[in-house]
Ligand SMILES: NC(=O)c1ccc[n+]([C@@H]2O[C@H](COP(=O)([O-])OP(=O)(O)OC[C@H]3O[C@@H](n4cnc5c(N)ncnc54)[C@H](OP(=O)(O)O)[C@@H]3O)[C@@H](O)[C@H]2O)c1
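Single chain ahead, written as structure tokens, the form predicted alone.
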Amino acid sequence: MSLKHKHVVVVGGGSGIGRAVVEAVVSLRARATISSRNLDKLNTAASEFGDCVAVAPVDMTDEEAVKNWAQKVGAANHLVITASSAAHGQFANLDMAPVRAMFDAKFFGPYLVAREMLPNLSKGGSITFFSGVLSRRPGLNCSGLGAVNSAIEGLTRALALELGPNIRVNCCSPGMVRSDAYAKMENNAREKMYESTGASLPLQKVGETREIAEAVLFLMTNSYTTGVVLDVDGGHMIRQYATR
């Protein structure tokens, strides 16, 4: 399947993995609409791509805003939602507020966006969600994050069954990736994190955003793939964990 002249909507397209997805689809002569809450990031990204990229800001946690946004975006072929949020801490001590905020951003937001965009998606189109390996290989102090990733993967499989054959639904599960998701960390600490994580993986490195974008292109364009959770993680699922 070609993306030439197709319309791809990327929620989270202003930075990080989402921006890499936009770059990938534009290189294949598709046009894109990029969305997030941060209008400045969206405008900066769009200015680098030219007329083939439109900007449509949205707050996924606001149901009425999402409904209005979907009407503005209009017809599309593919929807990609690169939502990311994390709440870390011991289960017994972690406040509920950050856990609820994480579910709003990483599950309920994508759920709502997909629901409101569904009438706009063309037959043969696709929805791509994002999760993470903690859904199936848990880590200490990450119970909430594992749960929300499991939720989005469960939604992926359910919608793939319900929306087939007209719409394919898949989920990309990236490992640690060099991106501006970690921009607030101190430089040395961030590099040490990348180095230590990479050393624990079979491929001995963390990922690049373009590598995740390439996986998303596959999920969008392979017409015989639906209901899949695709791990793109350098072998994280089979890595040898250290002892406690």
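What you see is a predicted model; the values in this text were computed from it and never measured. Start at 1 and count along the sequence shown; that's the residue number.
Below, we refer to the form predicted together with the named molecule, which is not included among the displayed structures.
*Asks:* Should the three residues 94, 144 and 146 be counted as contacting the named molecule in the predicted bound form, with contact defined as a heavy atom within 4.5 Å for each?
*Replies:* None of them does, since no heavy atom lies within 4.5 Å of the partner.
*Asks:* Considering non-hydrogen atoms and a 4.5 Å limit, which listed residue (45, 217, 30, 58) is close to the named molecule in the predicted bound form?
*Replies:* After the contact test, the surviving option is 58.
*Asks:* Since exactly one of 210, 192, 37, 67 fits, which has a heavy atom within 4.5 Å of the named molecule in the predicted bound form?
*Replies:* Contact residue from the list: 37.
*Asks:* Okay, which stretch from 161-169, 135-143, 77-85, 118-126 lines the named molecule in the predicted bound form, with non-hydrogen atoms inside 4.5 Å?
*Replies:* Careful reading of the contacts points to 77-85.
*Asks:* Do residue 17 and the named molecule share at least one heavy atom pair within 4.5 Å in the predicted bound form?
*Replies:* Residue 17: contacts the named molecule in the predicted bound form.
*Asks:* Using a 4.5 Å heavy atom cut-off, state whether residue 156 contacts the named molecule in the predicted bound form.
*Replies:* The answer is no: residue 156 has no heavy atom within 4.5 Å of the named molecule.
*Asks:* Is residue 181 part of the interface with the named molecule in the predicted bound form - any heavy atom within 4.5 Å?
*Replies:* Yes, residue 181 lies within 4.5 Å of the named molecule in the predicted bound form.
*Asks:* Wondering, does residue 53 line up within 4.5 Å of the named molecule in the predicted bound form on heavy atoms?
*Replies:* Flag for residue 53 set to no.
*Asks:* Hey, which residues along 127-161 are within 4.5 angstroms of the named molecule in the predicted bound form, non-hydrogen atoms only?
*Replies:* Heavy-atom contacts to the named molecule in the predicted bound form: 130, 131, 132.
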